[in-house]
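Below you'll find only one chain, the form predicted on its own, shown as structure tokens.
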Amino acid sequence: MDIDLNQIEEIINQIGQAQTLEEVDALYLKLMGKSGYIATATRSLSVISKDQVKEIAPKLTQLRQLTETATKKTRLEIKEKEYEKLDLEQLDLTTFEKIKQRKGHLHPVTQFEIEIAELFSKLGFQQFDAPHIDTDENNFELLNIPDNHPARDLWDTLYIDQSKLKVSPGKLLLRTHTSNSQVHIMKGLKPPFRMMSIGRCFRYENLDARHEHTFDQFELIYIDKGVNMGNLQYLSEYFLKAVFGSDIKVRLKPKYYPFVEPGAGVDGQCIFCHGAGCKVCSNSGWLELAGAGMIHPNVLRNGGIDPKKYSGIAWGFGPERMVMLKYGIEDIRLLKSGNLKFLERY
């Protein structure tokens, strides 16, 4: 089989004259690739005479080395020329248009919670953080909701699987309301005191425009001698007038909560129809905005406080519902959607 060494040498010379890296790579493969001249010639050594092998094999080795050397040298020369071109280039910023910077800000619910915390701190309320994971005892039993009590149906509770725990802290759950803070506060402080709790709560609920499985609550606890429903009415008016304006009217109506007696729903005059009646308020002219009541004597006793000496009020609402009313948001799920286009409005 004839092996054309001259043709191989000619291609090596072409490598040295190549102007681009693409040309170098193509010529290199023409020689050294699987089907290239040198690779083919090397395989041909097995079918020629020993005398021819002794003559051609050293030349192929030399040509292979020349190919590698020429390729490496030419690639380096081409790269250096390209670097020189880069040094001569200048970046033209005369037509550069400045891109509008996106600035971050607090979530609308967080903004609102900071506002109400500052609002009630002016009345002497201090903030208290209760655990998100708590015992059934603190979340229900000590709040006058014993096991199998029908009032438990008011809360769709998420319990924690404790089969792999090495300790036995009691039945654990994700708190269903910030009211789990009540007994923690009573056991940790001596009355009189004014405390507020803001935080995340969890319930096993079907999601819709008005309900989320994860949501925030705000709660006030005020215990002192002589605390009564008049204090409750004042705090309700103080809050709702600060949020919706001084013209809003506020009323209390009887409502059942197992940890207060008496219990009250806090209504504000509908901010959309101003009491005339509309679709939002079901034509009643009023919106229920909070729940409250006098802390039940059993709860006070469970917290180590004598109900014959002290009385207290518990008052709470959902900040997300308030934000929806304040800004006219129709779907509560938008607040935790992470949708930046939506959040940038606030």
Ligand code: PHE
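These numbers come from a predicted model, not from an experiment. One-based numbering along the sequence shown.
Omitted from view is the form predicted together with phenylalanine, to which the following refers.
Practice task
Report whether all of R203, V260 and G316 sit within 4.5 Å of phenylalanine in the predicted bound form, measuring from non-hydrogen atoms.
Solution key: Yes: each residue has a heavy atom within 4.5 Å of the partner.
Practice task
Using a 4.5 Å heavy atom cut-off, state whether I305 contacts phenylalanine in the predicted bound form.
Solution key: Flag for I305 set to no.
Exercise for the section: Determine whether any heavy atom of A292 comes within 4.5 Å of a heavy atom of phenylalanine in the predicted bound form, and answer yes or no. Expected result: Yes, A292 lies within 4.5 Å of phenylalanine in the predicted bound form.
Handout entry: 4.5 Å heavy atom contact, R175 to phenylalanine in the predicted bound form
Key = No, no contact at 4.5 Å.
Problem - Contact flag, F112 vs phenylalanine in the predicted bound form, heavy atom cut 4.5 Å - result: Outside the cut-off, so no.
Practice task
Report the stretch among 183-191, 242-250, 211-219, 104-112 that approaches phenylalanine in the predicted bound form to within 4.5 Å, counting heavy atoms only.
Solution key: It is the stretch 211-219.
Handout entry: Residues of 49-70 having any heavy atom within 4.5 Å of phenylalanine in the predicted bound form, listed in sequence order
Key = Contacts from 49-70: none.
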